[in-house]
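One chain comes next, on its own, written out as structure tokens in the form predicted alone.
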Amino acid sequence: MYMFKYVMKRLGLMLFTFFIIFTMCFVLIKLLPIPTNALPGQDPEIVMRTLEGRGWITNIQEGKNGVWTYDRVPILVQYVDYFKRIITRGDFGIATTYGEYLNMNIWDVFKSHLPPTILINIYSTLIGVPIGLGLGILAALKKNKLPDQLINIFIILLISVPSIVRALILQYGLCFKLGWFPLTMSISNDYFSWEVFRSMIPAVFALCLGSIAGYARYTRAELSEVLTGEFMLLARTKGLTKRQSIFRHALRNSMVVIFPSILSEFISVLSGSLIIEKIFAINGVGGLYLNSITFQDYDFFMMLSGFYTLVSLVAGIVTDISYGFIDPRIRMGAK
């Protein structure tokens, strides 16, 4: 019962936080100038009528010298209409200035770009988790010895170097100098073919290196603390070998902290792959987000901002809730 109340409370707070952030983004976006410039070969009247149809402007008039005038629709009216379209029709808008996807449904474009983003994050997690946990366990078991010192140096280097620098080094070394992988991701939509998977590997490595450092650091710190606990001494005195006490007790107790961090890392890494996708030309959500800012396509920007905000909030709530399921002794929400 305590867990149910806690989950409901956290979900309510998450939705409230999402609503506040989304509202702030909407208001700030609507305070910017409205992009009314027609693209080459595009009729200016079509641009104006499209914006009028989306509820942005009204009272459109064409001046004598070809200058169009209009009145802005009040922000509150736009806000209500925007949410009404989303709730009643699932309409997140159409691309108005994003040249490549002009007049296309934003939700359809988003769905078509989501698989590459999810796949590179799944692959990076599958690679990063076992390597990070293995290095952390080895460092904890060999604490203050040569393996621990070497692993700590490796972790510090990975944490200190920004992800964009790691990505560029991997791209230069593995793709350009050695030629093992293509410089950019394949444009094929067959995401489970060997060609596409091979083209994803540099981006996956660039993403998982940071995760490896985080997993190794958390595992070393938590396992080192658990190994010094009194219950470990009791386990040894009861006749368990060192290996048995480590695997049966130490690792199980340290996973209470480590496993939630794995869940949150997998979810939150979605919001951290923007630059990686841009560097390796991955046709994912990150490129859409950055280009929506470049093209000043406000409906695109709002939808993708909502997506990344929701991803960050879900990462936090999944981490908190998972503690209660991993260790029944933890009663989330109990006084």
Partner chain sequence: MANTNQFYNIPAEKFRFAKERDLQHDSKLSTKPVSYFQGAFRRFCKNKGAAVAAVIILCLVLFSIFAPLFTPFTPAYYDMVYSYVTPKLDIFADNNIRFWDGGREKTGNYLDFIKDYALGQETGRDVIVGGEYTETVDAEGKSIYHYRYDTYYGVGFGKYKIISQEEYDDIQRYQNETGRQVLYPVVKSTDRPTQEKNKYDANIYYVMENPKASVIRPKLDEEGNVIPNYWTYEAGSTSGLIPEYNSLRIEGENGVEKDGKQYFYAYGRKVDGGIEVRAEYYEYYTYTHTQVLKDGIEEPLFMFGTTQTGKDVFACLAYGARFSFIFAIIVNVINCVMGIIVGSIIGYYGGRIDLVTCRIMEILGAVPSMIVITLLKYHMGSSSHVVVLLISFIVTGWISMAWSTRTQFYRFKNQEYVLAARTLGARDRRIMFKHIFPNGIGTLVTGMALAIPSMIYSETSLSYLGIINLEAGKITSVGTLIAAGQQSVVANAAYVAVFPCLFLILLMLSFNLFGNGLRDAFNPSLRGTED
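This one's a predicted model, so the numbers in the text were calculated from it and none came from an experiment. Positions refer to the first chain, counted from 1.
Just so you know, the form predicted together with the partner chain exists too; it's not on screen, but the next bit is about it.
- Interface membership of Tyr289, defined by any non-hydrogen atom within 4.5 Å of the partner chain in the model of the complex, is confirmed.
- Of the heavy atoms in Leu313, some are within 4.5 Å of the partner chain in the model of the complex.
- The closest heavy atom approach of Cys25 to the partner chain in the model of the complex falls within 4.5 Å.
- Taking the partner from the other structure, the partner chain in the model of the complex has a heavy atom within 4.5 Å of a heavy atom of Ile164.
- The partner is absent here, but in the model of the complex a heavy atom of Ile159, alone among Leu114, Leu76, Leu126, Ile159, sits within 4.5 Å of the partner chain.
- You can rule out all but one of 201 to 209, 187 to 195, 164 to 172, 83 to 91: in the model of the complex, only 164 to 172 has residues with a heavy atom within 4.5 Å of the partner chain.
- Shown here without its partner, the chain carries Leu15, Ile151 and Phe259, none of which come within 4.5 Å of the partner chain in the model of the complex through any heavy atom.
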